[in-house]
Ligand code: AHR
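Read the single chain below, which is given as structure tokens and is the form predicted alone.
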């Protein structure tokens, strides 16, 4: 029978929340400074200090939501240091990330401006680890109160009369680790206390996100859902794809072999099990799935590039990273009934970035192109897909060769996304579509692939890995026949 896929175009399973395609920008390395913020006096073209080339590139992939200011940085960030005249803002040491001086020139006003320019939702992470209830409460008041109050008046003095719209607010980050090394029982009580003062002012309604588990700490999810589930709208989960050992050596972003390739893919696929098992615990306390799973840190994490600051987490980005991203999206789609949001780490110059910059130069990474190709699934209806697909492997590692998902957008267009993780073998696939007239099948698509496993983009050769039209597809009276090249991702519009 070979590789076969059946798409039921008339059976919808859930809506794929556009926030699954979210992003994360932390005060870490060159993500904010140099990557996003260059300042109003910079020779690099900018809009009120935000560099235009990065802004335009992020607009093109329709960023739906942006998480800030961290990460570990969030639990040592005091928001009042980042407002008012630049020369009066408090300078601090970024103790988590490289020990560099943080001048706080990019603060609340600058972040909210960035979100307005991107037309995306801001997702702010509050400080539980080293902050106070009052500090968090006043931040929400400063941003969202419309009327006369101490914080609203202060906001007006700093140039913003009208309040911002703020929907997403995280009450702490990684409180099991850099956010305070807390026990789940202790954090559950702290969450209950802090969230009480994250108030809704006027018609602004805040979606409160509790700090969730690290990887497979299922007890953390159990405790949080049991003791605080009724007071949260979302619960986070953090998981990074690391082929090596976190402490002894994570592996190189570019210098790797076939064995490491398959280890990376296997560990990326582990996200499916994590969502299933954490989701099952959430179902126990929340059978109606009111609380969304918020995977607000995910992506590849390798050793930093040679010669760069180890605290800046700067790594290159190859076709391997792109396929890891594509696998994650298909997994997130599969669990669209529970996964409400996901935020890749991170937007610019850090970990699995969309964009790399060097001075006034900018390039788009292979991962960026996956976000661009897969954006057709944002807010679309997940379709029922049945498949019979082969496996691939290397030295005992046996994995599914192809992953697939399909959706129907508001205009009735059906989109199919496929990922072939095998670095050496193509896959011939037959696709049958039910619920669509065969005469309506007019497949048009794009492919992202490469000649070598570590192909990547550089400032000298920025288009080594870039999307191209996908032409290896033929429509007949009953469906589609296509050839999926080795190590490739394809997105097709079928009608």
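Here the structure is a predicted model, which means the values were calculated and not measured. Numbering follows the first chain given and starts at 1.
The same protein also exists as the form predicted in complex with this ligand; that form is not shown, yet it is the one meant from here on.
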**Prompt:** this ligand isn't shown here, but in the model of the complex, which of 450-458, 428-436, 22-30, 37-45 has heavy atoms within 4.5 Å of it?
**Reply:** 22-30
**Message:** So, residue 265 and this ligand: in the model of the complex, are they within 4.5 Å at any heavy atom pair?
**Reply:** no
**Request:** Indicate whether this ligand has at least one heavy atom within 4.5 Å of a heavy atom of residue 301 in the model of the complex.
**Result:** yes
**Prompt:** So, in the model of the complex, is residue 321 in contact with this ligand at a 4.5 angstroms heavy atom limit?
**Reply:** no
**Asked** Just to confirm, residue 347 within 4.5 Å of this ligand in the model of the complex by heavy atoms?
**Response** no
**Message:** On the criterion of a non-hydrogen atom at 4.5 angstroms or closer, are 372, 417 and 489 all touching this ligand in the model of the complex?
**Reply:** no
**Asked** Looking at 240, 197, 86, 285, which is the one with a non-hydrogen atom within 4.5 Å of this ligand in the model of the complex?
**Response** 240
**Request:** Tell me, out of 114, 406, 351, 293, which residue has a non-hydrogen atom within 4.5 angstroms of this ligand in the model of the complex.
**Result:** 351
**Prompt:** Listed by sequence position, which residues of 290-323 have a non-hydrogen atom within 4.5 angstroms of this ligand in the model of the complex?
**Reply:** 297, 301, 313
